[in-house]
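The form predicted alone is given below as one chain in C-alpha cells.
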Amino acid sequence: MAGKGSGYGKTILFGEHFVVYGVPALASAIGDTTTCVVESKEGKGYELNDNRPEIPGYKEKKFNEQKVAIKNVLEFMGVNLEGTSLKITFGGDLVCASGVGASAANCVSLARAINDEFNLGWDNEKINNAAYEGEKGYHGTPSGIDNTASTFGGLVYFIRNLKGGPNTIETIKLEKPIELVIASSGMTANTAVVVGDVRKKKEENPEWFEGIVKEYQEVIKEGREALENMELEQVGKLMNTNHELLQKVTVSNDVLDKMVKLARDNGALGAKVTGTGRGGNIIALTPGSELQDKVYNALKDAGHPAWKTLIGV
C-alpha cells in the first residue's frame, strides 16, 4: 500500500501588493491540484520522482528549495529517515509556474500522503501547519495564505499582522465553483524588486498612495460581499478596478494590459494582473464553460499559454 494526498493550486483575486501594508487580500483555491504518493520501505533517505507538469525550467530552478521543503515537512511530521526509506512521487494537473501556489500544493500533497502512509490521523489544521513549515523552504517567511488555500479549498481572506503577531486568515466557501481563465505573459519578474519599487512610490508620495489604499479597501470589502452573494457582474467590475489600482502603482505593463483588454473584449466579466505583476499571470472571470472557452481561445490564439480552471473549489 502507499499513502496518497493532494493540494489545490491558488490564485489571488484581490489584493496583491496592498496586502503588504496590512489591508486584506482575497485568494482562492483553483481546481488544479498537485498529487503525491509516498511508499515506505526498509532503508534510509528518500527517492524523489517529480512528474508535475511545468513551465519549462521551473522545477530545476526550485529544486534546492524543494529539498528543504520536503525535509521541513518530514521533520515536522516526525518521520525519521534513518530508520525508513521513502519513495516520493509528485504528479497532478497543476502546472508548476509562478503565481499559482505550486510550492504550497507541493507541501500540502506531501503532508497528506505522509499522514496517509503512516496513519497519523492528522486533521486539516495540522496538515496546514506542516505545509506552512514546508513553505519556509521556498519562501523563508511565508504569509500562510497559499498553504491555507491549498489545504482547505474555497476562498481565503487574509490580513497580514504588521506587528509580527498571527495573521488573520478566514476560509470562506462559495455557493458553487466559478470558471476562471489564467494566462501567462511568459515574463518573470523579481518579486523583491517590484515590491521595493511600490514601496519607493509610497515613500515619495505618501498622501497619493494612501488615497489608492483607501480605494482598494472599498474594492476588497465589496469584492468579498459580491463573491459571498455570487454577484458575479459586480465581482468582475471590482477586479477591473483592482487592475487599474495596480496600474497606478506600476506593477502592470503593456503586455499584461493588452492581455487584460483581450480577455475583456471577449466577454470576461473582469480581468486583472494576479501576483507580482510586471510579468507572470493575469486572471479572467468567465462564468460558464462557453464564455471560458471563448476567452481561453482568444488568449491562446494571441500566443499566451492559458489554463481553464475553477475558483472556490
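These figures come from a predicted structure and were not determined experimentally. A residue's number is simply how far along the shown sequence it sits, counting from 1. Here the rigid core means the biggest group of C-alpha atoms that line up within 1.5 Å when the two forms are laid on top of each other.
There is another form of this protein, the form predicted together with a small molecule, and it is not shown here; the text below is about that form.
For the marked spot (Leu180, Val235 and Asp293), a heavy atom within 4.5 Å of the small molecule in the model of the complex is absent from each of the three residues. Proximity of Ile12 to the small molecule in the model of the complex falls within the 4.5 Å heavy atom cutoff. By the criterion of a heavy atom within 4.5 Å, Val20 is counted among the residues contacting the small molecule in the model of the complex. Interface residue remark: Arg199 is not counted as part of the site for the small molecule in the model of the complex, having no heavy atom within 4.5 Å. In the model of the complex, none of the heavy atoms of Lys126 sits within 4.5 Å of a heavy atom of the small molecule. You can rule out all but one of 78-86, 161-169, 221-229, 135-143: in the model of the complex, only 135-143 has residues with a heavy atom within 4.5 Å of the small molecule. Of the residues Thr188, Thr191, Thr241, Gln217, just one reaches the small molecule in the model of the complex with a heavy atom at 4.5 Å or closer; this is Thr191. This chain is displayed alone, yet in the model of the complex one of Thr276, Gln66, Ser252, Thr33 has a heavy atom within 4.5 Å of the small molecule; that residue is Thr276.
Gln217 is not among the residues whose C-alpha shifts by 2 Å or more between this form and the one not shown once the rigid core is aligned; its shift stays under 2 Å. Core-superposed comparison between this form and the one not shown: the C-alpha position of Val194 differs by less than 2 Å. Lys62 shows a C-alpha shift of 2 Å or greater between this form and the one not shown [criterion: core-superposed Cα displacement of 2 Å].
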